[in-house]
Structure formats: C-alpha cells, structure tokens
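Just the one chain here, the form predicted alone, laid out as structure tokens.
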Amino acid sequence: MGRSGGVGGPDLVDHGPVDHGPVDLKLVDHGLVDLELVDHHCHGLVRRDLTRPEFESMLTEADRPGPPGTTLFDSQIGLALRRWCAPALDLPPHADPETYLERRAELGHAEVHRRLLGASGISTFCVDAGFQPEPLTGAEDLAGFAGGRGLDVVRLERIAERAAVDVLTGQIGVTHLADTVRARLAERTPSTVAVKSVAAYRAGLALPARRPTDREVAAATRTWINEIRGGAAIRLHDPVLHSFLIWCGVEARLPVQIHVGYGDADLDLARGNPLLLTGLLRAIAPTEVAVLLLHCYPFHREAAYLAQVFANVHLDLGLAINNTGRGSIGLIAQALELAPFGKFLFSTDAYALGELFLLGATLFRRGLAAFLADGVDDDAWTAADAARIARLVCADNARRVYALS
C-alpha cells in the first residue's frame, strides 16, 4: 500500500478511487490536496491489538463507556472514521463497524498503523510522550510508519514530578528542585523541539503572570512535598510551580505548548479558557518565545484573539478536528475569522490509534480547502493567495516556529 512522500507527493488515500465530494474537488482545483503536513503535536501509538471496547474508548475523551446499547461509531468521529479510514484498509467507504473492526483485527495493529499513517501525508511528527497509561511508540517508531521524521515535545510536569521523587528519596533538597528542573531541561536531546504544559488539567490557566522567584518556588515545593508525604499522589497542581515551569521553557528559548480547552473528564473546562493566560502571555511577549495554544475548543475564538494581539502566540485545533467530524469545516472557518494565517498550525493530537492521524489530516485538509475555496469564489483572495496560505498552515508555520529544516 502507499506511503507518504515528500513535498507535493502524498495522496490522502491511495487504495483505489474514492469519491471525495465537492469539497475535495475544490481542494484539487486550488492545488492543495497534495501538500505535506507537519503535525506539531501528537502522541504515540498502541503496540498491541485492541478489543472493540478498548478501540471505542480511544475515540473519546470520556473515561467510562457510554450507556448499554450505544456506540462511539454513532458520533461525528465514528462516522468520519468509517468514511475516511475504511478505504485505507481495502474496505468501501462507510463500511459498517463490525466489518471495519474485523478487517482491522485481520491486518494487525502494526499493518493498520502503517497504512493509516502512510495515507495521511504527514511528514513530521512532534510527539509528546509524557502521557503513557500503557506503552506507546516513541517519536522515531511512530514516524517510521509514515516514512517520516519524529521529534520530541517534553512535558514540563514530568520533569518536575521526577525531581519531586528525588526530593522524597533524599537525593536532592527541597531548595534544589528548581535548579534540577533547569538542568534536566538543559540536558534535552537534540530531537527536542518544544516543551508542553498541562497546567489546564492541574491548576487551571489563571497562573501567576510574573516569573516566580526561587524562594517562591522553594516554598511551593515544600508544600507539595509535604502533601505527597501525607499521602497525596505525585501530581503537580500548584499554580506557582506551573508558572515556574513555563518560564523554564521560555528561558531555555524553546517554544512552549500549552493545553487549552477541550480534554478528558479530568479537566475542569471552565478553568481552561485561554483568556486566563492573558497576564502571563503579556509578561512572556517581550522574550519573543513562541507560545502555542493547543486544541482550544470551545475557546478557539478566544485563542484566535490572543494570536492576533500577541506577536508570539499561535494556535491549533488539534483533537477538536477529529471529534467534530464534518463540523470541523465550520470550526476551522471560525478559528480563521480572526487568527492571522501565519499563526495557525496543524496538529492531530492523535493518541494510540492510527485512525486519528488519518482523520486529523483528512478532515483538516477538507476544512481548510472549503474555507480557502469559498474565499476564492467570493473574490476575497486569489487562488495564488489560497495556495500560499495553505502552505503556511499545513507545514511552513510549524517549520518556522520550531526551526525545522
């Protein structure tokens, strides 16, 4: 089966003729279908075959299965999966769930990953390996399924939590946690292109704007360590420490990714509004270090505003693209109402399933094509403008932000 190629090379799916519909015809008309994609934020793939309940659980942010008699295939993402992923497994579009899962099991997880990622047209994967409830592929192995390049995104909280273990075991003192975090970030591998914060999950985004002093970090660390010794989980939740970690990324001159909005049931969505970051973004702005707001839904318009008013702020739509399915066409248009085209990036936020990479790529291409083609039809911009904007959004913005060759 087909593999992704270089610039201008990959097809969406090369497993026989597929009726892409009017949106894709516009895409072809404006020369956008063959653009490679840089996935600037994603996760690894499972290393095993899955049961149906396990598979469906990875199509949702919910932490429990739905009521008896319901299925995730009866959702935007489920219908999109049957439409766009089935041909990559040599099935007709809209194959029923039972047939799809039988074919998936017949091929095995590795071949399924190879086909789906190879059909995605994604050439570069920036991988956050900080969340692994089970063993997942790393950046290099993941990218290998697509014949592409894998790069690393370091999760800041993992560095801090490992340093906390060193405090608990007596290897370092409480006052040394800050220096330990900085030192370990400085020891990052050459493949590291960014850091990521999940403060939205832990403390919310109303974080201290100014950089915390080492004395404030030590005091917050002491409180955190005492809580752990009292039986609490080793899970960073202090807003001072989350702000400190973001500033560590800034001082290391690494792009800082910040989870915003939509996530699983562990998230208090009201505290994930990116407008809560305004003070911190204002303080970071003079450094000119790039800040990437990830996923953003339902706050994508707020994130677009921040991307417009702060020169170093960018955004994507991530997993919201997959989960809104056909509705992602409107979602992309809403994000681009205000966001400068040079500040909008592609990501899948795919986790565990190869399907999420192909869906993210396909739905993103369709939505972006519809937005750009409508503008050409309305004489809002030229076809040449549309092609140039598509190149920016699909890959060139990520190349600039992450200094990719």
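Source: prediction; values computed, not measured. Start at 1 with the first residue shown and count on from there.
Same protein, other form: the form predicted together with another copy of the chain, not shown, and the subject of what follows.
Asks: Report yes if any heavy atom of residue 48 sits within 4.5 Å of a heavy atom of another copy of the chain in the predicted bound form; otherwise report no.
Replies: Residue 48: no contact with another copy of the chain in the predicted bound form.
Asks: Consider residue 391 of the chain shown here, and say whether it contacts another copy of the chain in the predicted bound form, taking contact as heavy atoms within 4.5 Å.
Replies: Flag for residue 391 set to no.
Asks: Heavy atoms within 4.5 Å of another copy of the chain in the predicted bound form: does residue 206 have any?
Replies: Although another copy of the chain is absent here, residue 206 would stay clear of it in the predicted bound form, with no heavy atoms inside 4.5 Å.
Asks: If we define contact as a non-hydrogen atom of the residue within 4.5 angstroms of the partner, is residue 309 a contact of another copy of the chain in the predicted bound form?
Replies: Yes.
Asks: Among 186-194, 268-276, 116-124, 228-236, mark the stretch whose residues have heavy atoms within 4.5 Å of another copy of the chain in the predicted bound form.
Replies: Flagged stretch: 268-276.
Asks: Of these, 99, 76, 132, 171, which has a heavy atom no more than 4.5 Å from another copy of the chain in the predicted bound form?
Replies: Answer to the contact question: 76.
Asks: Exactly one of 371, 55, 351, 344 has a non-hydrogen atom within 4.5 Å of another copy of the chain in the predicted bound form; which residue is it?
Replies: Flagged contact: 371.
Asks: Within 296-321, which residues come within 4.5 Å of another copy of the chain in the predicted bound form, counting heavy atoms only?
Replies: The stretch touches the partner through 297, 298, 299, 300, 301, 302, 305, 308, 309, 310, 311, 314.
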